[in-house]
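Okay, so here's just one chain, in structure tokens, the form predicted on its own.
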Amino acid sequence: MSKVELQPPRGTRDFYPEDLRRRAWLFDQFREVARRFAFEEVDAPVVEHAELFTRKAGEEIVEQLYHFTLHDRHLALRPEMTPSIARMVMARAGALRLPLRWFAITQNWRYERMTRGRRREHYQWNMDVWGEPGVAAEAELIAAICTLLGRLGLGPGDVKIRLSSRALLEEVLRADVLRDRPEAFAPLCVVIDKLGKIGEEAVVDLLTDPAGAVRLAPGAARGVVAALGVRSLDEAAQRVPAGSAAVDDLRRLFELLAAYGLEDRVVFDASIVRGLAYYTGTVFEAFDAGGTLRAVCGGGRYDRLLETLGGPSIPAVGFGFGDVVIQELLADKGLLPDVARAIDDVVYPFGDAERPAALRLATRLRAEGRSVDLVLGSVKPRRALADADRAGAQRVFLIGPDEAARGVARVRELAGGAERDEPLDP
């Protein structure tokens, strides 16, 4: 019989108690921010019909699916949560009261090339607003991201949110290199989203590939890449006709973010396009200021997603915030906490004769809502006290023959060492 592989599949993780405590701490931060912004939590199956994720060909995410056929059903592990949320909204579209403010914390799977901060399995915090067409929804979501960053100890000098608009880019390109080929815009966005990963020359090669979906001339491709270097909304506005709806939306969004007090958190960056085909308007990503990691989070507006799934037209905007990159960044900054166990009491019977009394005491303490570690084996008192201190317990209840005979437990407060007797059956 072959030896069992002790490591999890490449790109996935085991969560030992200390790891799970840290993950729970991070999830608590996600949930607390969502609560403060009045978002409700939802969830969906980790296994979905594969068609939900393959309707838009040409995206990397389609090639990265963990998928299989079972009983003639083509299924896939979800690579992201937004299509599942869209499916849920479409299923009850006529009964839901808009706007919706939903959030989810989900496990997602993508078979992709791994780098620092990128795994094939990760958890993600999603927040979505459905039914609000105005950029007030974007502002609220970006404010939520910034609130979380502040709770984690990351200031404007640590993380910046880069903001742009697919609609603005589309206006620029359809007035120029895509004037006669509007259908090439979506695949073009998929290509230029790789700019930060593969560099300008490689992006130009993909844009000019005669076998690709974009097929620009070399000069036009270089012009597109040059346009992505714009870092001023005023400069970007000069490239489109006056009265651009996309420019107006971005100006209004920056005004709202200023009202939130977030001027120093958010900057315009024309290179932000996001790699998923369903984005239609505002797009944004958060990056560490040092530029050493991939995006901390990203999102944008996807007003036509429901229509591509055969549903009604409902405007929507949302973001996804992964657990891997943020923990890398917090570790780099010395901000990732070592989360201790949350044990209140340890009950230690000296021997089998004292165990029934210890069981009754532990049961009573647990009924009072306390976290109680009942020592199960036969260990020496010194070991029991050391283990209790290491676990962060507040008190140890010691029950020896003398204490059992007197109907008490000897209580030791680990913080100061004070001791007292407490009745076993008050």
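Owing to the predicted nature of the structure, the values given are computational and were not obtained by experimental measurement. We number the residues from 1 along the sequence you see.
Here the subject shifts to the form predicted in complex with another copy of the chain, a form of this protein not shown in this document.
Student: Please determine whether Y111 contacts another copy of the chain in the predicted complex, using a 4.5 Å cut-off between heavy atoms.
Tutor: So Y111 counts as contacting another copy of the chain.
Student: Is D352 part of the interface with another copy of the chain in the predicted complex - any heavy atom within 4.5 Å?
Tutor: D352 belongs to the contact set for another copy of the chain.
Student: Classify T308 as contacting or not contacting another copy of the chain in the predicted complex by the rule of any non-hydrogen atom within 4.5 angstroms, answering yes or no.
Tutor: Contact with another copy of the chain, yes.
Student: G291 near another copy of the chain in the predicted complex, any heavy atom under 4.5 Å?
Tutor: No, G291 is distant from the partner.
Student: Are L256, D373 and G377 jointly within 4.5 Å of another copy of the chain in the predicted complex, each by at least one heavy atom?
Tutor: Checking in the predicted complex: L256, D373 and G377 are all within 4.5 Å of another copy of the chain.
Student: Within 4.5 Å of another copy of the chain in the predicted complex, counting heavy atoms only, one of 176-184, 236-244, 155-163, 96-104 shows up; tell me which.
Tutor: Looking at the other structure, the answer is 96-104.
Student: Using heavy atoms only and a 4.5 Å cut-off, determine which of D344, E80, D303, D205 is in contact with another copy of the chain in the predicted complex.
Tutor: Looking at D344, E80, D303, D205 one by one, just D344 meets the 4.5 Å heavy-atom criterion.
Student: Have a look at A136, L335, A213, V225 for me and say which one sits with a heavy atom within 4.5 Å of another copy of the chain in the predicted complex.
Tutor: Contact with another copy of the chain in the predicted complex is made by A136 alone.
Student: Can you name the residues of 139-153 that have a heavy atom within 4.5 Å of another copy of the chain in the predicted complex?
Tutor: Residue within 4.5 Å: E140, and no other.
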